[in-house]
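Below you'll find only one chain, the form predicted on its own, shown as structure tokens.
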Amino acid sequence: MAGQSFFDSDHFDSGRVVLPEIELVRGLGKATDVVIGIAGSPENSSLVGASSELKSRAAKAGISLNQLISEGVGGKVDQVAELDLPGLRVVGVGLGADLDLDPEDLRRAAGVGVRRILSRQGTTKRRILVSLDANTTAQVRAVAEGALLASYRFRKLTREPAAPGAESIGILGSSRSCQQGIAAARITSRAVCVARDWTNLPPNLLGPNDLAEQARGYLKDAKIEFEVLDERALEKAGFGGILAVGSGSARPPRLVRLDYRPRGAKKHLTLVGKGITYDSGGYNLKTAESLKTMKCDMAGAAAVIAATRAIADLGLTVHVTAYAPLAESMISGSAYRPSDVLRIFDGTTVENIDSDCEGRIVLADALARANADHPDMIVDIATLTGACMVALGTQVAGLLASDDEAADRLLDAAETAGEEFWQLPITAHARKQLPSEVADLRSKADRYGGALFAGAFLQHFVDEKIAWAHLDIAGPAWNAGTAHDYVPAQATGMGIRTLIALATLMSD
């Protein structure tokens, strides 16, 4: 298969990205760079995390760490001041005026500092220490996550050697109980970065079967059952939506099913992720500008695969089943057309109004199948609608749910994870637009309220007895701008930390 040699390389070995070693440390050790905080107003600032050892080292060199404050960073969140000591660079990150920092403040500050350090040109790997007065398990986990996520780099597909990165990251702390936070951060960050790597891969290297095989390799040493249905099995089982969306491609669709069933689990969570490995829009062809980034349309599938592995690695006592419907939406003589009628797994017929609404079609098949598992909750995640981006921008994801209780679970998990979601309604008007004159449902209504209609459409395929939430990550799954704090340019891994946090809440 074209491009297979890239998958054989160390970098693309079943999504196993290489992250720096990270550990809890008690002192400077052999650090080459130190990240500390600067809090307060520009006129009245103080250093956060400046240990006595660091102050002593600066004093021996005849340098005051307060020079960092004189640069006026103080209350300017995410601003940076730097100071060179013999053999050591100190990076001060603005924390704002409030000294009562929540985990997301710490996550961002660590990310800003590590990103600044790694942005410098050099030929040697850095040994980074992050000292932000993190004392609790949650604080240490947030700092470690920010540092690790900021260290991620997608290695270019080139013969040139990769630029040096971070060799190790130390988180200054004294409590052994914080080791749990380090371990959790390592697992969570790895999951996010694996999903970023898959999403960043060009579509010629990651078709439906390629992603399925990447998932197989990634999960081979985890306690997770793995199943993949090929096009013949999909046809036999009646997955008409997935087959229709993938019908125009020379690379046939797949459906990946994962099952993590730990002993003692009392709750069952099902995750469903949209996996369109490339979305041309089909006969409703996308614009030239939009086509450039449509390799990211499988970010939802990457999220549920990576999150399931992380949930298993964390040993959470919640039963998790995950579905990743994978297809490539292309144009050919065999492609599905606007006005075609499709039969979904549960027998529902759908009039295809717009072939660029392919995501909800493949999700409908997977959601209908998920009902048979009788879970306590189903959550689907997808780069689904441009309408959600128009409503919420590119850094906030949409949330639609079966009821406020289900929505609150997701919002609580998102707050813990440090990811932004905003609840949108599924209105009676959106539901009234669902019926078709030639089939049970139509896949699209008019241009207004597109995200709400999509939510109503998806909810139709979920058993009303099952709590359900839909996460529309079309905006924040892809960063078209420059990198910031712990968020890289291009694929971000949005939603994975929230899914892990939700599983954590359900395992308590």
Ligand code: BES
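In case it trips you up, residue 1 is the first one in the sequence shown, and so on. The structure displayed is predicted, hence computed values, not measured ones.
Unshown form predicted together with the named molecule; subsequent notes refer to it.
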| query | finding |
| --- | --- |
| Listed range touching the named molecule, judged in the predicted bound form by heavy atoms within 4.5 Å, from 350 to 358, 132 to 140, 193 to 201, 163 to 171 | 350 to 358 |
| Of K286, K267, R261, K292, the one that lies within 4.5 Å of the named molecule in the predicted bound form (heavy atoms) | K286 |
| Contact residue in the predicted bound form, chosen from T385, Q79, S402, N371 - any heavy atom within 4.5 Å of the named molecule | T385 |
| is_contact(A474, the named molecule) in the predicted bound form, heavy atom dist at most 4.5 Å | yes |
| Proximity of L392 to the named molecule in the predicted bound form, heavy atoms at 4.5 Å | no |
| Contact of D279 with the named molecule in the predicted bound form (heavy atom, 4.5 Å) | yes |
| Interface membership of R442, the named molecule in the predicted bound form, 4.5 Å heavy atom rule | no |
